[in-house]
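The chain below stands alone and is given in structure tokens; this is the form predicted on its own.
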Amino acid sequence: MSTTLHLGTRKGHFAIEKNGSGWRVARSSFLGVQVPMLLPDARDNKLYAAVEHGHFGTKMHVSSDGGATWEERACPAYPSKPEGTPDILCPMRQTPIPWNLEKIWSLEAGGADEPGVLWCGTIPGGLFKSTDGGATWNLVESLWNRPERAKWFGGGYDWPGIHSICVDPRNSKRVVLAISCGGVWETLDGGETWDRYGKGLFADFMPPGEEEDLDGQDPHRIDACVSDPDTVWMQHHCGIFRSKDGGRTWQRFENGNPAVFGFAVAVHPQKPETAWFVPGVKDDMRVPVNGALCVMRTQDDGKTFEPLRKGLPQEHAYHLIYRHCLDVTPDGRTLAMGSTTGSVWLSEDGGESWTRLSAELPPVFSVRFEKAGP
């Protein structure tokens, strides 16, 4: 079982470890500085951190000792915009989409057979790949130059962004990613070419007749089952969806209990029919239903969803769990989640009951367990 949990927060990185007396904050790094994304790399036990300085922009750091010490690495940088390349206007804002790094929104390791390969999703929608453990990065221009990018627009942020990257454990060249708002994309050749999928997705906010437009979809987060990567669960802006064919087609579930809106999703690594969500009321009321926080779980492939409330605040609780703030260990028994209000909860029985580890931390952006390597 994983015994170390890493948090990226509004004011630094925090490592929480389990010892004989339970889970406790063990150390902190980058205090006072935003850490929007973390990656504990199970292949070599390195820990990567995106650090967002107000005056100096984003920097990348790596630790070989679990965050006790850090060294700076190269940060993904967009190449110069070719002369004569026209601006792409955001369809919603009608202003040019930036050609520079606004935020690192996702970090994932390549396959077990690809030492040194890292993937980085950013706002305003560029995907970067490193083949040398983050020493250098290259913009994946095969995706950036797709004509469909002209239809992408911002969801949670002003600009489109890549927040979910799923590397297929059976074939490291196959990567599925999700863009808010820009739908679901797949490469089968390590990023050389891309196809977009999403039949069955439905965006209620789009104009009549455009609700099924693949480029207008707003997946808040996707997560694939480790033992069955063709099963992918999605928390969409407009509900809960599940794919059984690796993201090509999707089934919508409207029976969420107590709601289908939310941001986070985690899939049981061994049981594709089991997934967890953290529901909120709706898009313009991003708080728990009736002020009572719960985690919602399906164990029967979406036939039913059950609210899990034991140990979670049930009165005047207005926590929001961001899309990267719910994680599960490889055995599917231990879950952790962190909120915008600085609370962190942990469950060691599959979500049946929860214990609050802290209510005093900064707003949480990213929650990730250390996981054993191959």
Partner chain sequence: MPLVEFTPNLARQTSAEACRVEGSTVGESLQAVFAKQPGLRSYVLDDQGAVRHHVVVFVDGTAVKDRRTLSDAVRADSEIFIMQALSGG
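Numbering follows the first chain given and starts at 1. Computed from a predicted structure; not experimentally measured.
Unshown form predicted in complex with the partner chain; subsequent notes refer to it.
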{"property": "Touches the partner chain in the predicted bound form: residue 79 (any heavy atom, 4.5 Å)", "result": "yes"}
{"property": "Heavy atom of residue 309 within 4.5 Å of the partner chain in the predicted bound form", "result": "no"}
{"property": "Residue contact check: residue 43 to the partner chain in the predicted bound form, 4.5 Å heavy atom", "result": "no"}
{"property": "Partner contact for residue 100 in the predicted bound form: the partner chain, 4.5 angstroms, heavy atom", "result": "yes"}
{"property": "Option touching the partner chain, based on a heavy atom within 4.5 Å in the predicted bound form, out of 72, 210, 189, 148", "result": "72"}
{"property": "Partner-proximal stretch of 92-100, 175-183, 195-203, 242-250 relative to the partner chain in the predicted bound form, 4.5 angstroms, heavy atom", "result": "92-100"}
